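Before any questions on binding or motion, here is one chain by itself as structure tokens, the form predicted on its own.
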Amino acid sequence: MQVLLQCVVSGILLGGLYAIIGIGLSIVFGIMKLTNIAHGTLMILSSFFIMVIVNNFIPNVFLAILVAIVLMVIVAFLFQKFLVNAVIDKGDEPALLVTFGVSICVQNILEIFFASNPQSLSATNKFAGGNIIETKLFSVPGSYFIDFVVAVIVIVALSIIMKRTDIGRAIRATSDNKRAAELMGVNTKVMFVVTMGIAMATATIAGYLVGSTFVFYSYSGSGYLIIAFGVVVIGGMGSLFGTLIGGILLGLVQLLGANFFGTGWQALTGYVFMLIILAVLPNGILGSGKRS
């Protein structure tokens, strides 16, 4: 029973990290109806940005994260303004191919500069490594707990921004009815740029959490893209709190699968669960077309 409880608690906390990995992908799809294939690679790019900044320029990790967020927002502006916006009105396929091409280019650039060597930001995180939260019933890595708390804070903050600010209402109007939003004076192309900027800001936070919790490589982005897909498909594309639920469920099912069937089954059980959810709820748990 204690082992089972350990898996449940660890799975829920790991799900928080999964949720923040997927939240940027969910936002972009919910607003632009675009599946950003480059999301995972751009998230890992932010991990490398933070690593380089901390090691060479700004030892303070919080300042380094802020600088990395600024850099990633600039990347988002260039990416959306000059690439995605140029083709987004021509159908789904051109924009999808653009994101795929950007993913390949960024991954190869990272490979040139950093090769395939393992990298880590754990030295910047006092909760990583041997820091364990222990109780009589279970013990979990401190980094997992921090990841979960940060994920909840980010998702709640995004929900407030989307519901209670002018920019959030403009973004939601763009998502609900692009033509009607334009008739009301909303520049939808600008809203797309803002949306991508928000998504990349959250991806930067996720990039730090991933880098301080696990080892990462120049090619790690594709693996995290698959996790992001799983999270948003389970929770519902475009739903903020659905993404959190999806992340928790995916992390929980994966660790329970590893406990009952062995570690080799961890990923498989998660994606079998995703297929079951799709069969029963094709739009995901909270993917009824409304954002939460």
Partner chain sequence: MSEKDIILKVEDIEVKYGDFLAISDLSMEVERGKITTIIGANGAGKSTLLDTIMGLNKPTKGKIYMEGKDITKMKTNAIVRTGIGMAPEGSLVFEGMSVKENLLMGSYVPESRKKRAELFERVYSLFPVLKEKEKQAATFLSGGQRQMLAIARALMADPKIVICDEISLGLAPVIINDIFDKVKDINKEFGTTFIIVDQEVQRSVDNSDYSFVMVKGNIVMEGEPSKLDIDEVKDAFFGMNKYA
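Quick caveat: nothing in here was measured; it's all calculated off a predicted structure. Numbering follows the first chain given and starts at 1.
We do not show the form predicted together with its partner chain, though everything after this point is about it.
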{"query": "Listed residue that, although its partner chain is not shown, lies within 4.5 Å of it in the predicted complex (heavy atoms), from 131, 108, 135, 187", "finding": "187"}
{"query": "Heavy atom within 4.5 Å of its partner chain in the predicted complex - the one residue of 96, 71, 173, 140 that qualifies", "finding": "173"}
{"query": "Which of 116 to 124, 150 to 158, 218 to 226, 173 to 181 lines the interface with its partner chain in the predicted complex (heavy atom within 4.5 Å)", "finding": "173 to 181"}
{"query": "Contact flag, residue 193 vs its partner chain in the predicted complex, heavy atom cut 4.5 Å", "finding": "no"}
{"query": "Any non-hydrogen atom of residue 163 within 4.5 angstroms of its partner chain in the predicted complex", "finding": "yes"}
